[in-house]
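There is one chain below, alone, in structure tokens, taken in the form predicted on its own.
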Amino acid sequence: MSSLNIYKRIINLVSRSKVSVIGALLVSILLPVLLISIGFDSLGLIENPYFGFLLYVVMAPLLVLGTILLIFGVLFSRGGEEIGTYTVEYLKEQFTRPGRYSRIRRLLYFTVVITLLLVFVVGLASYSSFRYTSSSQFCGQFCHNVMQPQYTAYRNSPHSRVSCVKCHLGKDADWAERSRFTGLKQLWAVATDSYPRPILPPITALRPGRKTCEQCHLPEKFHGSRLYTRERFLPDETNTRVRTVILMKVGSGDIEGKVAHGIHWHVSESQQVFYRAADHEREIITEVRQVEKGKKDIIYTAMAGGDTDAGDSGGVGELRKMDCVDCHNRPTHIFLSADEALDRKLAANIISPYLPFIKRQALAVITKEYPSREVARVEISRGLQNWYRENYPELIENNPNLFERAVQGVVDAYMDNVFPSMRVTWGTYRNNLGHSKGSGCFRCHGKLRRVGSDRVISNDCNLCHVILAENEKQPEILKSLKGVIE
């Protein structure tokens, strides 16, 4: 039996059913397109997130559907007169009739080859689909407008090389399934335009902090103290650079026989800390409970009339064991204040401190309200150009590249942190790593009193850090440590 006859036989077999014809068309069109597209994607030649969605979420399932239709149509939808085809009696007859065995064998070989090829392509597409939907690109860019603030902050964060699923899904099957179910609800919210603006932090939908963080940050490696230097620029004519130097008492939990001390005392296993919050964001703490094995619990409750007063605190909120994310609540999706965003650009010399009043003028333009990012980009640039042309025309004329770079740096500071369409502006998301504006540490420290005593949870600065210099131009401590920390 010639190859031409085999092809005719196959075409005749497929064409007897509308179902198999539809399946054959889908397979014949999508199979080569998928193979070529997967090759392009594997080589990284196309980075558009919608290409991956079209490839793995649309085309791959259609290929599987086409294969099912083709097989179903050939075997079961060929008309009443063909109802006996491929029964045991039919196959027995075909194999025993003279001259038919060799032809049937060729058809079987052809069928096996096609089936294996389809299985390979479907398996490859399925794996690639899983990989794509688990990628940071899919998480952050597919729903472009919705996740733009979180994805932008993620790319600028210390964890920008850690994929989203490493933290949000992890390796636990139960959390992976919960996260994927939540993801389906989120896709529905996007499709129906019913998602909140801004996106709310997934406080109750995150894996336990220690299960996530301690995959990389080992408690055994927590260290005693760390020298921290922060640079700030004053909004004066010379953009005066000042430094604050702090010795952070990072400390450790009771790991490897060490006594729990410093900031990480809060996650000690021998003296566990629990708390209740009166709000979903866990900003209003109404009770803190220190639990030590073999000893009576030490309980602190909200002081009457204070910011945390919620009446009978014993019944407010779930008693939660303190972990990493109670302080490091924004380890990746970090949004800066306007002042800090500009300070970082100035410290990196992206915005040149050489330009007079650049810090003051930049603050003035980026803290205005704009209806969109596109409008903000134009108005920030225009505002700076107009002011400097009026007050320092020769300076920007003699240093056009320096000024253009500074303007772009100011625009970038805004673009990295403000998203009007999602109602994300300066200060929308609080960072509890510290104690700015009464949040962070001061949710508990200085606000809760021990039951049966007048003792309040201490807010003494020296518990967590020692300030060695504060907003000084030339801190003496840095001169003393020169050569040690550089």
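A residue's number is simply how far along the shown sequence it sits, counting from 1. A quick note: this is a predicted structure, and the numbers were derived from the prediction, not measured.
FYI, the form predicted together with heme C (HEC) isn't displayed, but the following is about it.
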| note | The one residue among 55, 30, 444, 64 placing a heavy atom within 4.5 Å of heme C (HEC) in the predicted bound form is 444
| Out of 383, 262, 73, 317, which one falls within 4.5 Å of heme C (HEC) in the predicted bound form, going by heavy atoms? | 262
| message | Whether residue 371 contacts heme C (HEC) in the predicted bound form should be assessed with a 4.5 Å heavy atom distance threshold; does it? | response | no
| task | Would you please decide whether residue 423 lies within 4.5 angstroms of heme C (HEC) in the predicted bound form, comparing each non-hydrogen atom pair? | result | no
| Though only this chain appears here, would residue 458 touch heme C (HEC) in the predicted bound form if you measure heavy atom gaps against 4.5 Å? | yes
| query | residue 427 near heme C (HEC) in the predicted bound form, any heavy atom under 4.5 Å? | reply | no
| said: Given the stretches 244-252, 371-379, 356-364, 398-406, which is the single one in contact with heme C (HEC) in the predicted bound form, using a heavy atom cutoff of 4.5 Å? | reply: 244-252
| query | Taking heme C (HEC) in the predicted bound form, which residues of 413-435 have any heavy atom within 4.5 Å of it? | reply | 429, 432, 433, 434, 435
